[in-house]
Every structure is written in C-alpha cells, then in structure tokens.
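One chain comes next, on its own, written out as structure tokens in the form predicted on its own.
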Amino acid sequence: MIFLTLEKKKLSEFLDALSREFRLVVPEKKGEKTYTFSHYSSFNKVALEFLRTILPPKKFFFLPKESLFNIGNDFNINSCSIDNADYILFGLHPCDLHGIDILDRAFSYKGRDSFYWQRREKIGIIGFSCLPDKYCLCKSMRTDFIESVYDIFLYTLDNVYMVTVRTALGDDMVRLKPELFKECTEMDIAEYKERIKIRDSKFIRIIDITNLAELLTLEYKSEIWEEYSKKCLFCGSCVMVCPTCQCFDVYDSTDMISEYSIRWRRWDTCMRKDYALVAGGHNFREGRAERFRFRYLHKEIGFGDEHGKPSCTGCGRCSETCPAGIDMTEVVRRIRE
C-alpha cells in the first residue's frame, strides 16, 4: 500500500488520462437532489459533492437484467456474450465499497458465479471520501472506512487528496500521469488525522447493533413486525436501491423470428408475495409480517451466519427512498425497546 497526494486542481487531468485508457464511469447530477453513475464525458459534469446515487454500483457487476444463454432449433446451448471492456468506477464511498465486498462473498459462496465475476474482474475501482448526512448509518454499521476492494482511494483534504494506492492496477493508473502525484508531507498526515476526527463528529444518526442478531431472534414473534408490515407498501423500492440485495428471478422467453429461446435473470425481491412460492402452491412467506421481518433477519442473521458479516452497509438508500417513510433505525430501536 502506497500513500501519495494529488492536488485538487489536477484531478481533472488525472481523470482525462484515465478516460483515454479505460471506460471511465463517474457520478453525475441528474435531478435537483439525485445522482447516478454515468460514462465520463467531461470533468465539469463530475459531481464530487454527491453522497449516494439512486442505484448502487452493483448494477455494473450484477446487471438488473441479463441473458444467461440461448437455445436454438438445433437444441444447442449458446453462451451469451459479456462485455469484457475494462471499466474504472470513480467516486465510490466506503459504504458502497463494503457493498461490493458483500456481493463478492455472495457470488463466491459454494462456487463462483461466472456472470458476476467476468465483469467484476474487469472493473477497477477508485474510492472517494465523503461526509455523512441525516440518512448515513455507516459508522454504526462499521462500514465508514475500508481497507480493501478499491484500487485507489482519494481522501479529501483542504488543497490535496490523500491517495492510497492498494493494487497493481492502482499503480498502473498512477503511472499514466506520475508527475501529478507527490509524496505525503507531515502536514498532510496531520490534516488527514484531523479530518477523520471531524468526520466522526458529523454523524447524527446512530443505531446500536450490539447483540442485534440475538435480539431479532428473541423478538421473532413481536407485534412490531405486524405493525410495520401494515405500513409497508411492499413496492420493493428498498431492495432495488440496496447495494447488497442479490435476489433474482429466472425466466425464459422465445423469439419466434430468430427461433431462439433465451434464459434471463433479473433482480427480484423477497418483499414480493410470490417470491417464496414453490411448486405445489406452498408459500414460505405468504403473510405481510413474515416478508417484512425476513428482510431484517436475513440482513443481520442469515447473511452474517454464512459470510461472517451482516449485509447492511448503512448507506441510507432504503430510508431515503421508502415512500411509506419506514426508517430502519426506528424499527431496530422499537425491537430493542
């Protein structure tokens, strides 16, 4: 791991150099308060002030909809092509980097998902620091800092970025414009330490996750699940914007013109009533309260038991997006009380 500095005014030159060698994806402003990841066109469109995009970066690794294979009249199975171009994703905050780490674990469990990993291994990542707003829970979820997943990380100081180079690909990116990067000074290090303290003090939304898995299990039959399930619209918005949800549906379609049948997979949600419906008509989670409760239990217990960490990154997207105004911190507080 190497630490360097990059002057803020020279960031545009660095991104321009990256865009000539890779497909560079950056955050851009799309509405009054909305942001999305888009292909880089010019530096003045890069939204350095953004906090969270509408959809998380998982959409580049785990596509909202993708074809898995097709079968022709000859009954031969043909693999569908995957875009193997080299991408660089710029501007990912620590919570979204933790989200990618969680997806890496999920799509490697008991075998690697080839569709996911063919994209994942072709995409470089540049992390970027941020300051929390009223929805951020990353400090409580212990995802406000990260030491893996990224190739380069830029931490904002007054006049420069503290640059952490973690991988060989990150080193290759730096070598595209080596003259832009300098050694860290003692003043840079001191300012970096002070910035961390300032950032910690800005978190206003705190949730106590101590023994949360045990409490959720003990309160499995709590009336709170029924109460919130009556408020929930089960629209699936929280799942669609979640950086770690990986539920999907598989279905087939037939094109009568090309005479091909295609197998697809697309994002799905455990909040949908038919998701747990199986052959024979049995539904494991037919009730509203059961579906609402399952999402919380799976995030904290199910994924944690299998992969060693809960799958909530505290990004705040679900609370910000929910049309019914359901706040995860409020649900957990009620359960704890």
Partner chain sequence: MDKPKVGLYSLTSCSGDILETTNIEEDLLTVLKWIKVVDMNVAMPSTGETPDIAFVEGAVTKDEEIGFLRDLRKSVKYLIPIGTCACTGGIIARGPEERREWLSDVYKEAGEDIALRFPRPVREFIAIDFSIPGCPIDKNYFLHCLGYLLKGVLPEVPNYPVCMECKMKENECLLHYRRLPCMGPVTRGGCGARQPSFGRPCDGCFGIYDDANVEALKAILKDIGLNNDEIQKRFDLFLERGCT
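No experiment lies behind these values; they were computed from the predicted model shown. Numbering follows the first chain given and starts at 1.
A second form of this protein, the form predicted together with the partner chain, is not displayed here; the remarks below concern that form.
Here the chain stands alone, but in the model of the complex its contact with the partner chain, taken as any heavy atom within 4.5 Å, falls in 249-257 among 92-100, 140-148, 249-257, 186-194.
Using a 4.5 angstroms limit between non-hydrogen atoms, Ser229 touches the partner chain in the model of the complex. In the model of the complex, no heavy atom of Ser12 sits within 4.5 Å of the partner chain. A residue is said to contact a partner when one of its heavy atoms sits within 4.5 Å of a partner heavy atom; Ile54 meets this definition for the partner chain in the model of the complex. Using a 4.5 angstroms threshold between heavy atoms, Thr329 stays clear of the partner chain in the model of the complex. Of the residues given (Ser222, Thr156, Ser237, Thr164), Ser237 alone sits with a heavy atom within 4.5 Å of the partner chain in the model of the complex. Taking a 4.5 Å heavy atom cutoff to the partner chain in the model of the complex, the contact residue among His282, His39, Lys45, Lys33 is Lys33.
Residues from 285-313 that approach the partner chain in the model of the complex with a non-hydrogen atom closer than or equal to 4.5 Å are Arg288, Arg291, in the order they occur in the chain.
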